[in-house]
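One chain comes next, on its own, written out as structure tokens in the form predicted alone.
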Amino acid sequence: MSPVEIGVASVIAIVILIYMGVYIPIALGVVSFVSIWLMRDNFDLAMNLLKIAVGDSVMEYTFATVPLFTFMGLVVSKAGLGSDIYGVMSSGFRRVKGGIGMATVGANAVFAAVTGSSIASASVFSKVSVPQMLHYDYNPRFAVGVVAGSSVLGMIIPPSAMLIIYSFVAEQSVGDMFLAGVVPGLMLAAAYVAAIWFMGRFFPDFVGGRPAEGYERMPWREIASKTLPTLGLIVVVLGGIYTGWLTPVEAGATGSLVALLIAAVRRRMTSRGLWEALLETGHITASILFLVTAASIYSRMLGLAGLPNELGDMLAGSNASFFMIMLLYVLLMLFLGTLLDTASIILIVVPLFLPLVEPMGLSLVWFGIITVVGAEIGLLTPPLGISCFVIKATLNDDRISLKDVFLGALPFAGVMLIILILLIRYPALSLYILN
């Protein structure tokens, strides 16, 4: 077999192994290691490249953003800031058709700005929002669909674990990726609110619900006490990065300290809760480090196989336009999204397409936003829509099936696709803050 044939076979093998349930870094690392060994018939070369990949990942300074932002998000979640923001939003939208759904989107957008985790958002708002919507006679499919759709904001609005992973794979600035994610994230949140209004206006049976008359107007003092801690944390983290006063690593450390102070003042953090947050931070950090290491050896394998160059020559020979390349890229991500999680998609397709995008003079920061938004659609599509599975498991309600969750999330996946098309057509939307 030629190196290119081995490279193609290795990509197929990785997808099959992940779909069979093999741990993603193991599938990436083992297949890449064996492929390099076969291509060069040199075990020592494969071992040396593996050592380099591990060393590069461990010694990368910006990798410190992962444990710091992860810890900050866990502390914020345990401090109950998500439910506080939801309460304020619900009070503001209480008499609007679909208002609790809009409140869920708004609260998720704010919560995403301090957690960066779709899974955390899906878990928190499944407990907080869905019971409220069911109490006010909302359609169960709409209730779980809103939570599923808005939970993906956690992977787009910074700080986002997926933006960090992409920045490592594409060797881009974490701070630039965070700033570039702000406008697309807010666009998506606004599009969700508009979609809910549209569904409530033209498809009232799908939305259901009645005015939430139980919500009294919240006093300004209570609104301030519930929102100022979260807004202050957002200003410290993103404001520090935007003004240049803090690097992403320093912003993560500062945000973690502020989150701990907020939790301590509110008396929401016990010593046991702190220990659990530290342990979970360690588990998540180790898993992401393993992913980045495996992605590094995978990228080296693709380079040795010459697969990106071969793909580029093939597209150049067919006179493929920018539109055709992006169409192929989006279709590939949508297909893989039905099988794999977001991190897997980023690690598999980005090293393949980066050599095609760079010569075209396109911004790799913009390309990262396109990648994350496109891959995030997979969180809402069967059979592996992770957010949908998390919501079903968190609710543990026999009245709501997994099918209901997927069908409820479908309109929001469509909204994401529309936003993705706009971001591809108008790159300035992603790069506005950076210019």
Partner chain sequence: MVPAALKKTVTVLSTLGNGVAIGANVVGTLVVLGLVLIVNYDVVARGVFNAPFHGAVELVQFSMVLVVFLQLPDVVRVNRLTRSDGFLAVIGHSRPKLAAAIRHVIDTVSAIFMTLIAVAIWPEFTDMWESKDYFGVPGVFTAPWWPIKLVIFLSATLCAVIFALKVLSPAPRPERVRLPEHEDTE
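Residue numbers count along the first chain shown, from 1. For clarity, every value in this text was computed on a predicted model and none was experimentally measured.
Below, we turn to the form predicted in complex with its partner chain, even though it does not appear here.
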query: Interface stretch in the predicted complex with its partner chain - options 68-76, 132-140, 182-190, 196-204, non-hydrogen atom within 4.5 Å; finding: 68-76
query: Whether 51, 63 and 80 all lie within 4.5 angstroms of its partner chain in the predicted complex by heavy atom; finding: yes
query: Contact of residue 225 with its partner chain in the predicted complex (heavy atom, 4.5 Å); finding: no
query: Proximity of residue 102 to its partner chain in the predicted complex, heavy atoms at 4.5 Å; finding: no
query: Residue contact check: residue 281 to its partner chain in the predicted complex, 4.5 Å heavy atom; finding: yes
query: Contact label in the predicted complex: residue 29 to its partner chain, heavy atom within 4.5 Å; finding: yes
query: One residue of 230, 118, 256, 160 in contact with its partner chain, assessed in the predicted complex (non-hydrogen atom, 4.5 angstroms); finding: 256
query: Listed residue that, although its partner chain is not shown, lies within 4.5 Å of it in the predicted complex (heavy atoms), from 249, 357, 330, 349; finding: 249
query: Contact set, 14-51 vs its partner chain in the predicted complex - heavy atom within 4.5 angstroms; finding: 18, 19, 20, 21, 22, 23, 24, 25, 26, 29, 30, 33, 43, 47, 50, 51
